[in-house]
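First, one chain by itself in structure tokens, the form predicted on its own.
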Amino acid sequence: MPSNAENSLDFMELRDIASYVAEQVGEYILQESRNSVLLETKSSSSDFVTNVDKRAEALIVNLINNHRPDDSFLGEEGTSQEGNSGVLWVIDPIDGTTNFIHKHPGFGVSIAAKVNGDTVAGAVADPSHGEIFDAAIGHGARRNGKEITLTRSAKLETALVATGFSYKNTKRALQAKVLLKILPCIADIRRMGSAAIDLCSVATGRVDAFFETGLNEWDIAAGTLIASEAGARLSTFTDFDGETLTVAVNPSIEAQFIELLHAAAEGIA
């Protein structure tokens, strides 16, 4: 049963705020991608953060605060703000920072609103392609304001599958072994570099499935809602290395794809 906090909230209004802010910040980071950026690293030598990530995160918080000053925030670049409204915004200012640094398409902004631990609204901006994906729980998903619904059936042997790799070399080696078992059973793999955008690609049918391990909440909070509201099936389970594997898949191949993932992980350690 919905709580009083949920009953008093307009999830579509939260979606529209997320979409507006994602679009504004997407335009900002696209402009900044043409300039040189200051680099730092986090968990490994290939896990980058830039001055633009930090400025974009601050901009997201400021823009949302203009609409909802009493909300809470959790951001990839360190934002942690406690509010009293019952709404928590989970934000990734640049998902796909490596692409951003290299001026390669495949970076975007991810903003999600959570209530009582559940994502109820969210948006993902892909500024390189002029696309804004958004969703509100129970109200479907959209691309640039138009509803998107998964209608195309897929077959495992012709499926295009998106994935991503760890920043840590030892984990990448294990992931490569898993791919060796998956590739002969599908059409091909795509590695675009942004989990948020990959999940939106599942929502639109551009890829038939997505799987990736070790993702953070801000990577996937908005994208998983968008994919789910478009009709994709979402699941998580513990992978070969003890981390959480996130899966989004076209319903027509869900059982086969999950079985393939489990089989591919057997004996990998």
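Sequential numbering from 1, following the sequence displayed. Keep in mind that this is a model prediction, so the values were computed, not measured.
The same protein has a further form, the form predicted in complex with D-MYO-inositol-1-phosphate (IPD), not shown here; the description that follows concerns it.
Participant: Is D-MYO-inositol-1-phosphate (IPD) in the predicted bound form near all of 122, 134 and 231, within 4.5 Å of a heavy atom of each?
Facilitator: No.
Participant: Find out whether any non-hydrogen atom of residue 76 is located within 4.5 angstroms of D-MYO-inositol-1-phosphate (IPD) in the predicted bound form, and reply yes or no.
Facilitator: Yes, residue 76 is a contact residue.
Participant: Quick check on residue 30: any heavy atom within 4.5 Å of D-MYO-inositol-1-phosphate (IPD) in the predicted bound form?
Facilitator: So residue 30 does not count as contacting D-MYO-inositol-1-phosphate (IPD).
Participant: Taking D-MYO-inositol-1-phosphate (IPD) as it sits in the predicted bound form, is residue 109 near enough to touch it, meaning that at least one heavy atom pair lies within 4.5 angstroms?
Facilitator: Output for residue 109 is no: heavy atoms all beyond 4.5 Å of D-MYO-inositol-1-phosphate (IPD).
Participant: For residue 215, is any heavy atom within 4.5 Å of D-MYO-inositol-1-phosphate (IPD) in the predicted bound form, or not?
Facilitator: The answer is yes: residue 215 has a heavy atom within 4.5 Å of D-MYO-inositol-1-phosphate (IPD).
Participant: For the chain shown here without its partner, which stretch in 154 to 162, 86 to 94, 124 to 132, 178 to 186 has non-hydrogen atoms within 4.5 angstroms of D-MYO-inositol-1-phosphate (IPD) in the predicted bound form?
Facilitator: Partner-contacting stretch among the options: 86 to 94.
Participant: Are there residues in 176 to 210 with a heavy atom within 4.5 Å of D-MYO-inositol-1-phosphate (IPD) in the predicted bound form, and which are they, in order?
Facilitator: In sequence order, 191, 193, 194, 195 come within 4.5 Å of the partner.
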